[in-house]
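Just the one chain here, laid out as structure tokens, in the form predicted alone.
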Amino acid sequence: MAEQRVGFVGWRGMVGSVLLQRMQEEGDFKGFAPTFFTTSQPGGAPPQVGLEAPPLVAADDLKVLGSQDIVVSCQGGDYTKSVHPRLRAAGWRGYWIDAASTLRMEPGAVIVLDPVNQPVIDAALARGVRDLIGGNCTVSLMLMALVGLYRRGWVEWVSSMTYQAASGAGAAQVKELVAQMRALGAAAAAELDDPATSALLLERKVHAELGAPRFPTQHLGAPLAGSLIPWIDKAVDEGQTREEWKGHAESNKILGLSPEVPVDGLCVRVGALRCHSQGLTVKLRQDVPLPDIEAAIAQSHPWIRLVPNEPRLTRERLTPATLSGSLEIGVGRLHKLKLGPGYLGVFTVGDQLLWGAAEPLRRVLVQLLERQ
């Protein structure tokens, strides 16, 4: 059997870079013929991944794209909107694996998150689905944390309050956040170095810098260092943002639920560089003992890190600073709420560039290659 041909688009961006890194770490670059596409440097040298590859190909070259058995795109929604329909219209029957949101809710696509929805993926492939799309990062991380409860039918609804890192918005936003941090540090450097400076004076200097016209906000739209932004993505109906809308729409599609389980809440951008955190209120269908809940979560898949609900371990193990770059999903602060015995409080942290973006794409690519 001929080697499968796999094309990679958007491999230089944050998600694409993490994808290639993970593939190299796991030894995935074997047994297929890669082609790397580019929007800016056709003819250039491909990345060194341990497999021979031709020079870089223009990302809009439909002929070469159409010769691939699998295309993996981390290029973004505009690229998908431009290229995918033209490839399909030309009769291409390959597999399209995509990190962008463009195709997620299409009837002919499946959202891939295999530790959570492998049976849904298997059923989709069996009926001929060829668009395999990564889910919203926050939704995927929430389901990685709660899937053990969903599997037992315990979840009646979820209210999610998210604390989303700057890298969820893009590379330019990460750089701008660090530039904001630098600006604040420089503005208050003299006061910070003086042990006699009061905290109120230090705060006034920082606050003045946050409102200064020179303060960098071109990409984030507002100060994030020393602050937060309680709005992510565009407005949709009923007062939601699109990011908040995805919580319900995507979680139910990923799990293939009918009837649907309501999910809603507020999405907030915070000053973390990497890792999304979420404070979750889970309404249970019944009063489940807390030890049973802990066991259901801990046993749901190998990447759960269940953190006891106590101060030292929470500070040490349940933060973006601890879990950045890790495949582990931190779950902690588990306790019943005063709202009633059927209400559960949960806090979770996960690296949105891994399980929220690159890792599900990597794993479904490996599955497709192994099926051939």
Ligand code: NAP
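Given the structure is predicted, the values throughout are model-derived calculations rather than measurements. For every residue, the number given is its place in the sequence shown, counted from 1.
Although not depicted, the form predicted together with the ligand is the subject of the following passage.
C74 is the sole member of A225, C74, C275, L146 with a non-hydrogen atom within 4.5 Å of the ligand in the predicted bound form. With the partner omitted from this view, the residue of T39, S326, S67, T319 that lies near the ligand in the predicted bound form is T39 [heavy atom within 4.5 Å].
With respect to the ligand in the predicted bound form, the three residues M23, I97 and P360 uniformly fall beyond 4.5 angstroms at the level of their nearest heavy atom. Just one listed stretch, out of 97 to 105, 208 to 216, 177 to 185, 288 to 296, contacts the ligand in the predicted bound form at the 4.5 Å heavy atom level, and that stretch is 97 to 105.
The ligand in the predicted bound form is not approached by L202, whose heavy atoms all lie more than 4.5 angstroms from it. Remark: V364 does not count among the residues lining the ligand in the predicted bound form, judged by a heavy atom distance of 4.5 Å or less.
Residue contact with the ligand in the predicted bound form: L19 places no heavy atom within 4.5 Å of it. The ligand in the predicted bound form is not approached by G350, whose heavy atoms all lie more than 4.5 angstroms from it. Scanning 156 to 194 for heavy atoms within 4.5 Å of the ligand in the predicted bound form gives S167, G168, G170, A171 in sequence order.
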